[in-house]
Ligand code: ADE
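First, one chain by itself: the form predicted on its own, in structure tokens.
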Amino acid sequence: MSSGDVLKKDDVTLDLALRPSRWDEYIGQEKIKNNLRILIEAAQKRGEPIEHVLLYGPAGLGKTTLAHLVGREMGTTMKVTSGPAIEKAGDLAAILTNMEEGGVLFIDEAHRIHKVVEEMLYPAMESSTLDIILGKGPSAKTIQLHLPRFTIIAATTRAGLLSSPFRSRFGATHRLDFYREEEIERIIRRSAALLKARVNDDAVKTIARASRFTPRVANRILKRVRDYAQVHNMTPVTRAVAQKALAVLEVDAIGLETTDVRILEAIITKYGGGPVGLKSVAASTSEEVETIEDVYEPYLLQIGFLSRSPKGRIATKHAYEHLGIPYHDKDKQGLLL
């Protein structure tokens, strides 16, 4: 096993250790937590599984954690899979026929479920039945299996790619929003305590500002800052230490990474600030369209560095100012309307 594999394994272990295991440990997303609590309590009083739940929003905001908390609160078994992992109808049949009464099936990356598999889910979600076709052609037969009552919790970063029939079968749909800076600071303090890392308040604020309003990013940066401080014997972690660690990570004060800068510079220098299509931006930066759309664009839109128009993406005046590039209006304001 390489040292890189060891680090990845250690990071996965740490991520699981930092994941909240109770409602009171989960910071932020208060409206969604309250709605889910009502959903769970009402279902428990009726002695039924909760309705199917769809969670969507940018990556790293806690969709998986919420799903696990719901399963724990229901006191039931939970199976975990992902859209790409269910390749064939037989894969889905194997999963669903092994569900327990009242169990929870968590499907990550739900927008990547194959169309045939998705259509098999419809009767399973509506009436707990599964139609299996045996054979081909005129001699084919359909067998209907009755399944235990169960709940599907689906998570996706791209709800727009889910078909309308699929979305309509979820009884509760919730969008996770970016966190407030003070919430990220609370998450960092909790994680630092679990990691037994001494981090000063000013360092917590520095890490929080660079965390893209995202818990997963906050925990990742915290772990790397802790590593930097330990290697250089700089404990407790101060603002200066955090800033040095961020510089090594090539993350600036507001959380922009090298790829963020490359995206903005490509739009500004190669396409005059836009508007430009996402495929052109991807080609210019050697990044996948999906990666830009799922990982980088949500934060750039959130902080007002990027805007969408009917003609494509536009770098805003704030992006020019942050990169130190002279801004020329060129009637861009009209394109944003």
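So that there is no doubt, residue numbering starts at 1 and follows the sequence shown. Not measured: the values here are computed from a predicted model.
Below, we turn to the form predicted in complex with the named molecule, even though it does not appear here.
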May I ask you to state whether residue 53 is within 4.5 Å of the named molecule in the predicted complex, using heavy atom distances? no
Would residue 111 sit within 4.5 Å of the named molecule in the predicted complex, counting heavy atoms only? no
Would residue 219 count as touching the named molecule in the predicted complex under a 4.5 Å heavy atom rule? yes
My question is simply whether residue 36 lines the interface with the named molecule in the predicted complex - judged by any non-hydrogen atom within 4.5 Å. no
Is every one of 179, 187 and 190 within 4.5 Å of the named molecule in the predicted complex, counting heavy atoms? yes
Between 32, 292, 70, 27, only one gets a heavy atom within 4.5 angstroms of the named molecule in the predicted complex; which residue is that? 27
Note: the named molecule not shown here; in the predicted complex, the stretch from 211 to 219, 146 to 154, 117 to 125, 78 to 86 having heavy atoms within 4.5 Å of it is 211 to 219
